[in-house]
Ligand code: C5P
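Single chain ahead, written as structure tokens, the form predicted on its own.
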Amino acid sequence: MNSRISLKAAAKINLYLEITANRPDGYHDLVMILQSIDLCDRVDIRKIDIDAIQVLCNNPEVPCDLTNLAYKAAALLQETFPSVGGMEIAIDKRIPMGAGLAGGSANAAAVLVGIDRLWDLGLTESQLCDFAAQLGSDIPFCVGGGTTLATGRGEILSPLPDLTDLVLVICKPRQIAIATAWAYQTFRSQGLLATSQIRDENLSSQIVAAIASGGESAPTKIGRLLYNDLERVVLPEYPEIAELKNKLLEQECLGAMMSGSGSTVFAIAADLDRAQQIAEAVRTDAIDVWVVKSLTRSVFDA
């Protein structure tokens, strides 16, 4: 039996995020389209002789205690399955923090998948997603990944046809990190649900249809239909993010939007050459930029 496993954990972006209702549990009912991208952390899990969970990370800003989602994922499976022993989890961090890219969720998903394989638990993807849902709303998606419609609070997943050749420019203002909880709470406190301008437009169905249409025209169709309700909260509060989005829109991209609760903004490019040109146009000392492509899986062998 293997004593270690190395996995890649992919970031995600939101191609669509609509808040449809306030829930009594403090969460929100959502309609989201999530997409895995090839900006990845590496997660190495190694069995150790003591009955403990040790988390290591090359980024000193990442907590390595029991508040870390990867730690929580390991602890959940340890509590559930007596055969799961002690382990060291080493995270090579590439996905920026506070970016709306689900880096922490991706790490937790990789830990769930890795423990299942390392201890031969025989869990199905559906069972892994059930465990993931106990840890956070983004984590079930990060177990499988690809192109997915997410509803409920984000845990009800419906696979969509894979977007295999979507080329994106991902931009992150280096000094801005945004708490997801703050963005949603502010949306609720400002009563923005009541002033939704797209409630009756059936926009989510339009972008699902654009994804399903496939072919060379799909990225162009998708670019025109990008939508994120949380921009209504974040962009007024952080004009630098609004400025970055506008700069991307000036670069002949197919569409640009903030991902999740920010602070990342992305653009869809017509091809790799155009993406590189867009990246050069917006990269500064204060803005990190990646050119990435869509992925069909979230967790895979490193």
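A quick note: this is a predicted structure, and the numbers were derived from the prediction, not measured. When you see a residue number, it is the position in the sequence shown, counting from 1.
The protein also exists as the form predicted in complex with the named molecule; that form is not presented, and the subsequent description refers to it.
Asks: Since the chain is shown here on its own, which stretch among 218 to 226, 116 to 124, 176 to 184, 204 to 212 would lie within 4.5 Å of the named molecule in the model of the complex, judged by heavy atoms?
Replies: Heavy atoms within 4.5 Å of the named molecule in the model of the complex occur in 176 to 184.
Asks: Residue-level question: is R153 within 4.5 Å of the named molecule in the model of the complex, judged on heavy atoms?
Replies: So R153 counts as contacting the named molecule.
Asks: Heavy atoms within 4.5 Å of the named molecule in the model of the complex: does G136 have any?
Replies: Yes, G136 lies within 4.5 Å of the named molecule in the model of the complex.
Asks: Using a 4.5 angstroms cut-off on non-hydrogen atoms, would L30 count as touching the named molecule in the model of the complex?
Replies: Judged by the heavy-atom cut-off of 4.5 Å, L30 is in contact with the named molecule in the model of the complex.
Asks: Does the named molecule get within 4.5 angstroms of any non-hydrogen atom of G26 in the model of the complex?
Replies: So G26 counts as contacting the named molecule.
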